[in-house]
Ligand code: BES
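There is one chain below, alone, in C-alpha cells, taken in the form predicted on its own.
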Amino acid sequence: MPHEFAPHTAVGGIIAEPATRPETVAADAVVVFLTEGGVGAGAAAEVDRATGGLLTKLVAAGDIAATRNECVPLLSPPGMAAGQLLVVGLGKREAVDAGVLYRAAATAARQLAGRARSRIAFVADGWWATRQVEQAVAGAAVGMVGQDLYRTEKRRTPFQATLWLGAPPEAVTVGATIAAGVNLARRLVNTSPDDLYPQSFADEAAAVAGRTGMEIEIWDEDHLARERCQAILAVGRGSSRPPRLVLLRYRGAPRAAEDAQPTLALVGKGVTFDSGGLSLKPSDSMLTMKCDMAGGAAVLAAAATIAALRLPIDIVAAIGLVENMTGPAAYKLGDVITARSGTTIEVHNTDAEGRIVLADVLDVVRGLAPRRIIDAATLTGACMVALGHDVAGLFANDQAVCDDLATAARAMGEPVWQLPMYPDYDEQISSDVADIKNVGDGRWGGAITAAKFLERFVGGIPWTHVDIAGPAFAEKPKPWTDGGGTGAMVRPFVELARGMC
C-alpha cells in the first residue's frame, strides 16, 4: 500500500470523471446510491433508464428497500458495460448528510474489496453538496482498506482504480486527501506495538511532516529533562523504550510571522502500549492497548491532512509518546511527580497514565499561546460506561469552542456528547500530600475527573477535551469498516479547521 500523502499515490488511484455516463463505463462494478421511496430523478434514474427500468421493478417487488447501507449486487445488468451494478441504500432522502454518504460509500467499497478488482466506478448524484461528495469519496477510499496489515492473505484489496462519475474534480481530490488522513490514523493504531513505539512513531511523524511540508521537532529524553517534562519521563521509566514528544507546526495563514500565534492547537495522547504499569491490567483489558495512542494518531493525521489541503490556517500539533510498562524503574503508587508547570501530582493508579503524560504536553502547548486547544485521548473506560462504544465524550472550559467541535463532528457523522465540568468535581482530585492526585474518589464520574485533571494544565486558554476511548477502536467489524482502528476524530478536526479559515 502506498504511503499516505505521498505525491500521486492516492489510495486506489482515485479519478474524477464528471462527464462519463454510468452505463458506458467498462468496470468490474458500478456503484449507484438510492434513497427510500423509489428511483426518483438523478443518477439512479439514469441507471434505471439504461437498464430498462430494472431498479424500478426491483423496488416495486421489495427486492431493494434502499435502507441505510443496504447493498444489493446485480450481476451483468442489461444495458450496462460493467460486470456488476451495486445498489447502495441511503435511507430517507431528507436525512442524507455527509456522514450518511461516508458510511454508505465505505460499506460499498468494503464489500467490493473482499476480492481483487481493477476498476470500480461510483456515481455521485447531482443533488449532493460539495462536502457530501468529498465525504463519499473519502468513505470509499477508507472502506477498501482493512486492518490486515500482517496477514499473508489479505481480507481487503484496494481497487487499482476508483472512478467517480458526476463528481467535481476538486471535491474528489479533497475527499481522497481526507481519506489518506483517516487511513494513516487507522494504520498507526493497527500496527503491532513491537513495531510502533515512541521513537518509531516519532519517525513516522517526521516522514509525514516531510511529505506534507510541516515543521517538526522531536524531543528525546534529554530534551524532555531540560524542559522539566518530569510527568512524561515518569510514565516512561518502566519501559526500555524512552519517551518522546513530537511538535508539529503548519503555517498556512497568509503572511504568517515566524512567531505567529497558532489559531488552533491539537494535542494527542500517544501511549503506544499500556500495560497499566504496576497497576497491571488483566490480559483481556490489555489485548487492545496498542490502540492507546489513537489520540496521537488522530492528531498527526488531522494535522497532515490540514497541511496537505493547504488550508489558510496556522496550527500546532503536539503528541506525548510513551510506553507504560512494569520495568524495574517503573513509577509507583504513592510517587509524587512535579509536572512541567510546577503542579505536583500524587500517583494513586499507574493505569491513569494518559492524563499525566498530557499534563506536560498541554503545558508545552500553553506556552505557545494558541487561540484554542483541542486534545484527543483514549483516556477513560468510564467514558465508555457513560456513552458506550460509538460516542466520544466532550469536556470543555469554553462552551463556544466545544460547540464548534461538536458541530463539526456531527456534520461528519461522528457522534459526540458533552459531559458536565462543574467545579465540585475539582474536589475529587484534591490530594492531601500534593496539589492533585491522578484519579478521582472511587469509580464515579471518572471521565469527568480525568478531564478536570487536564483542565489544570491549559492555563485558561479555550479548550476542549475529547475522550475517544470508545470509538477509536472497533473490536468487531461494522458494515462500513473492518475491526481495529477507526480513525475517529480525524475528519471532525479537519472540518473544524476548515470552518476556522
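Quantities reported herein were computed from a predicted structural model and do not represent experimental measurements. Residue numbers run from 1 along the displayed sequence.
The next section is about a form of this same protein that is not shown, the form predicted in complex with this ligand.
Contact annotation: residue 227 falls outside 4.5 Å of this ligand in the predicted complex, judged by heavy atom distances. Among residues of the shown chain, residue 349 is one whose heavy atoms approach this ligand to within 4.5 Å in the predicted complex. Of the heavy atoms in residue 239, none are within 4.5 Å of this ligand in the predicted complex. The closest heavy atom approach of residue 281 to this ligand in the predicted complex falls within 4.5 Å. Exactly one listed residue, out of 360, 274, 134, 375, brings a non-hydrogen atom to within 4.5 Å of this ligand in the predicted complex: 274. Comment: this ligand is not present in this chain, but in the predicted complex one of 330, 233, 71, 289 has a heavy atom within 4.5 Å of it, namely 289. Relative to this ligand in the predicted complex, residues 4, 145 and 158 are all farther than 4.5 Å at every heavy atom. Contact annotation: this ligand lies within 4.5 Å of heavy atoms from the stretch 281-289 in the predicted complex, the single such stretch among 218-226, 105-113, 336-344, 281-289.
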